[in-house]
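This document starts with one chain, in the form predicted on its own, laid out as structure tokens.
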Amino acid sequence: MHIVKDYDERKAEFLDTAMGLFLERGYDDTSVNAIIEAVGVSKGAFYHYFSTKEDLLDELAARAGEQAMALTAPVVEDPELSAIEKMNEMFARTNAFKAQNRELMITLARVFYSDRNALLRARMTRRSVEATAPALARIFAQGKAEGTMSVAHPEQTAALILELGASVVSGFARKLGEIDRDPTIADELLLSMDVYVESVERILGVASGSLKLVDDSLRSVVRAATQTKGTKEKKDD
């Protein structure tokens, strides 16, 4: 029996299905026909929502940016928090989400940052920066007004810090996959987190130790990767 779904529900189904296939097969190796077949609709239905596979990719990237903003928007709008408190709380919320879904995050990192998903990764990173930078720029402008941050150009600085973070995460994810053969890499990853925080503090001109961008919830993701390896080895024995 043909089931009629409303516009938003069907569109979300296309996006969720496509994302699953991209992670499983890679963006380049997933055809529009494969997406259509997985959803179970006609080709015309796909083109009712998206003009091309790249258009669908843009929609995925935009949705990821919106989800990130929904998580942090209340923090930016809170009049009771200082700029530094807002920045710390923004990162705390995203870190906690990753920690709560750490097994999924580890799996996604290993697949998402593979060479076969380079275009998917680049597009989603760009959209994420575009979506998040304005909110971060507002925090930097507040910090400048409070005298706690030395930021001459909040908008450009926000984009720079987010792009730097994306670069660090990319290298982080590649190294995460190597923990399987070398658990000592976990220490290297934890160090890279600390270096990133120190770098951001210097860019913003805040006192050392002011920013808590990396907390125990995020560190637990790295530890979980090591534990996952240890569990696998025990099963193999």
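The shown structure was predicted, so the numbers you read here are calculated from the model rather than taken from an experiment. Numbers for residues come from their place in the sequence shown, where the first is 1.
Below: the form predicted together with a further copy of the same chain, not depicted.
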Heavy atoms within 4.5 Å of a further copy of the same chain in the predicted bound form: which of the stretches 81-89, 67-75, 145-153, 132-140 has them? 145-153
If the criterion is a non-hydrogen atom within 4.5 angstroms, does every one of Gly20, Ile35 and Thr94 touch a further copy of the same chain in the predicted bound form? no
Give a yes or no for Ser210: in the predicted bound form, does one of its heavy atoms lie within 4.5 Å of a heavy atom belonging to a further copy of the same chain? no
Val168 versus a further copy of the same chain, in the predicted bound form: is there a non-hydrogen atom within 4.5 Å? yes
In the predicted bound form, does Leu204 come within 4.5 Å of a further copy of the same chain, counting heavy atoms only? yes
Using the partner position in the predicted bound form, report whether Arg174 sits within 4.5 Å of a further copy of the same chain, counting heavy atoms only. yes
Would you give me the residues of 139-164 that have any heavy atom within 4.5 Å of a further copy of the same chain in the predicted bound form, in order from first to last? Ser150, His153, Gln156, Thr157, Leu160, Glu163, Leu164
